[in-house]
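Only one chain is included here, represented as structure tokens and corresponding to the form predicted on its own.
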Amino acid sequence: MYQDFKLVEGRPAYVQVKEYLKRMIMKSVLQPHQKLPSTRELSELMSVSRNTIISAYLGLEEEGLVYTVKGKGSYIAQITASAAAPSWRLDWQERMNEQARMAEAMDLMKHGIRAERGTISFTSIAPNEKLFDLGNVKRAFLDRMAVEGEVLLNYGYAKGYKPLIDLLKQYMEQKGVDLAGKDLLITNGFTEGLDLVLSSLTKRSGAVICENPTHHTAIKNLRLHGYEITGIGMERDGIDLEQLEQALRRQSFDCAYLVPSYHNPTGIVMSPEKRLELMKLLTRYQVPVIEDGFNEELRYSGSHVSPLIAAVGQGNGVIYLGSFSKVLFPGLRVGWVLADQELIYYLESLKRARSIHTSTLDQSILYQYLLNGNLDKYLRKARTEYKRKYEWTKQCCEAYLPYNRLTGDGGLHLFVSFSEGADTRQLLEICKQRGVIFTPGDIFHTDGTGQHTMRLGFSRVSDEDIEAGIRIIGEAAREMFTQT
């Protein structure tokens, strides 16, 4: 006994000894009122210092697991055990509701592409961690902790950390948004923001309109909330307005979900002219808009394009979902909803009921990082690198892929369309055997189409692998599509 104990690096030795003894007590290896070895004896048996054993015994005594008899030593305490309940097993599969089953079926982390070590992967559109501004993030953390560390480690407010709310309002105002009558709620990233909004809206028609293809996470959430999705095709400058108007004439919709900037997955940036016409059309049919501000900051060329919420002035029909996840650091789960103040009033209560509040520590780090003026400097560096990789990826696609259409005006990915009849899932299977994977485009489509499309994320792929991977995809595509 005791000689199977092994120390591991990185944790205090006394904690490891205490936990080891605690496990033995809870498993009844050590019985109530059994005497423990002396501290000197146990230190020799476990090859640790006597002070380590003394600290471990004190810790166990504080938890009521050990008691000391003066002059005699330490003993195992009598633990009051719960009465043994009858053993039974539930079939949880049978207990799962339709929402849980649907979430599991659409879970790409479980059912997506598995890559072997060494595979060239174009599946991620997360930022490249090698660009992360660690020095200034650490400085922001220390600066904020020095000012109000005790506050930050306590409960926060459902609406969010007020200094960050005020700063983000200024940030949105600089995008051209009229803040009159609007308010802002901090969320755990974009996904919670979308979930809160969808949870709050009354279902009148039970139908939502969006671009086709669109953000896969949005499709999942819309379906989990029971919405019927109508997808509208994309043109080179954004959603097809003629097709949209036809749909609006046919039926009513509870809302529209739109990604006007660096659209996921096509990478298309909706033109300013189309944004204005779009908002006129949706205003005429009284369809509120959920705007996903995806990757707005990663524009590599041309002038700034204002979000849809800026086009409506003091109107309140647009709900803007913002996040820095793809631009800064996705590990800081901070997003925001900017919308009519009455809607935010209700979303705040919904947020409080669901998750109490977003991590105040995360919010404060982001606030201080922005306050210190680091965003613009980081964005300059990130844009320079991502633009270079974007142009290199585009060049490789043009050189090696037999595509029909290639889209992507910025951001961290390109979208490839092959000829109708091509099947990128079959192409993926061939490429996977050759050490390359990508995201097939059908998962982004609302109507089961898109089998001839794919998304290529380049942000975390080296230049050499970008060229090698795209060449392999091109060779496999030519072989496969020629046979077809």
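Here the structure is a predicted model, which means the values were calculated and not measured. Residue numbers here begin at 1 and follow the sequence given.
We do not show the form predicted together with a further copy of the same chain, though everything after this point is about it.
Decide yes or no: are Leu168, Gln433 and Thr449 jointly within 4.5 Å of a further copy of the same chain in the predicted bound form, with each residue judged by its heavy atoms? None of them does, since no heavy atom lies within 4.5 Å of the partner.
Can you tell me which of 241-249, 397-405, 327-335, 228-236 lies within 4.5 Å of a further copy of the same chain in the predicted bound form, counting heavy atoms only? Within 4.5 Å of the partner lies stretch 327-335.
Tell me, yes or no, whether Arg460 is in contact with a further copy of the same chain in the predicted bound form, where a contact means a heavy atom of each within 4.5 Å. Yes - in the predicted bound form, heavy atoms of Arg460 and a further copy of the same chain come within 4.5 Å of each other.
Is Ile319 near a further copy of the same chain? Define near as a heavy atom within 4.5 Å, in the predicted bound form. The answer is yes: Ile319 has a heavy atom within 4.5 Å of a further copy of the same chain.
Would Trp392 count as a contact of a further copy of the same chain in the predicted bound form, using a 4.5 angstroms cut-off between non-hydrogen atoms? Output for Trp392 is no: heavy atoms all beyond 4.5 Å of a further copy of the same chain.
Is Gly421 part of the interface with a further copy of the same chain in the predicted bound form - any heavy atom within 4.5 Å? Residue-level check for Gly421: no, no contact with a further copy of the same chain.
Here the chain is shown alone; which of Ala103, Ala115, Leu179, Ala207 has a heavy atom within 4.5 Å of a further copy of the same chain in the predicted bound form? Only one listed residue qualifies here, and that residue is Ala103.
Ala382, Met279, Ile76, Ile120: which sits within 4.5 Å of a further copy of the same chain in the predicted bound form by any heavy atom? Filtering the options by heavy-atom distance leaves Met279.
For the stretch 116-154, I need every residue with any heavy atom inside 4.5 Å of a further copy of the same chain in the predicted bound form, listed N to C. Stretch hits, in order: Ala126, Pro127, Glu129, Phe132, Leu134, Val137, Lys138, Phe141, Leu142, Met145, Gly149, Glu150, Leu152, Leu153, Asn154.
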